[in-house]
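Let's start with one chain on its own, the form predicted alone, as structure tokens.
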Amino acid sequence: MKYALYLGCQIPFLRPDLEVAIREVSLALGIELVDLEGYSCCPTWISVPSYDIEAWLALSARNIALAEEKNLDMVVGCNNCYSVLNHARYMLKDEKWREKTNRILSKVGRVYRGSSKVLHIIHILESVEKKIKKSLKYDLKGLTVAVQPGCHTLWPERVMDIREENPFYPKKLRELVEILGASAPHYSRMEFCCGMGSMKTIDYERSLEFVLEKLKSMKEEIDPDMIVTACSSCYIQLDEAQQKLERDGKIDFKIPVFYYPQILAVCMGFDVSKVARFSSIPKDEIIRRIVG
């Protein structure tokens, strides 16, 4: 299994321990990741796509073309990158947009062909379920996990090559968590937005209202020991917002947050000081419960 690795901006700049986790578990599970040298921002929805569609498609197409030149499908770790790049692939099926985009790319000696798919690291990991089970040194038995799939991998279905059977009742991340031995029950706001991304930039207080409703739904309905998400943006929002909400007297609990490759790396016995290094909500106690 060999894929072109596209990390985007957020993971390497803000949460490098998530990158370490992706690389460590992939190597151990026989997934070869080839770095894409010279890639740019995807670019994220609130930036170029919001004011210049041609420029957005040219930037996204250039990133995908880097993977095409290696004859590899692309794997991303960020839901926003997954959404933006898949939307670009969808729009570039239109010959008019493809011709305009390739005219721009020709100025930098590149061409978009549409031959490489854009996949999420979760899709790759679910294809090696048996290897994961054999690789576990620790498990999550007896623990309850609130799963946060992240809305950018759920909608709109038509632009994505890999989809949930029912995006209003997502199962992919729940099943990956259950492989680790945890209980991952459904809660009513599982598929709801966490308020990150453009909303956090434009209206921070409204963004906090979104994440507050999600956290209250988790706590009141399933009382989880931890949150596990597939999205680096959701990870940052759920982790950092809890401190603010607690200071404001809006919650009286703290739930540790993990990115899926991160909790998988912990269960596979990797050094937690490297794969789970940075967080606002302490993880020490729950990690001690897992590794003893």
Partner chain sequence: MKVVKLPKIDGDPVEEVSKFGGEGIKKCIQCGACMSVCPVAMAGFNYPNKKLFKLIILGQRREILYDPSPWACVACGRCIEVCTRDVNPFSVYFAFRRIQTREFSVPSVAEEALRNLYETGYAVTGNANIRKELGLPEVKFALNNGEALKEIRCIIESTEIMQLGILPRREMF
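Positions refer to the first chain, counted from 1. Remember, it's a predicted structure, so these values are computed and weren't measured experimentally.
Not pictured, yet referred to below: the form predicted together with its partner chain.
- Judged by heavy atoms within 4.5 Å of its partner chain in the predicted complex, the contact stretch among the candidates 128-136, 169-177, 184-192, 115-123 is 184-192.
- The three marked residues, Pro49, Leu59 and Glu157, each reach its partner chain in the predicted complex, with a heavy atom inside 4.5 Å.
- With a 4.5 Å cutoff on heavy atoms, Glu54 counts as touching its partner chain in the predicted complex.
- Put simply, Arg89 is far from its partner chain in the predicted complex: not one heavy atom of it is within 4.5 Å.
- For Val20, a non-hydrogen atom is located within 4.5 Å of its partner chain in the predicted complex, even though that partner is not displayed.
- A residue is said to contact a partner when one of its heavy atoms sits within 4.5 Å of a partner heavy atom; Gln242 fails this definition for its partner chain in the predicted complex, lying far away.
- This chain is drawn without its partner chain; in the predicted complex, the residue among Leu212, Leu105, Ile222, Leu143 with a heavy atom within 4.5 Å of it is Leu105.
- For the stretch 22-37, the set of residues having any non-hydrogen atom within 4.5 angstroms of its partner chain in the predicted complex comprises Arg23, Asp35, Leu36, Glu37, in sequence order.
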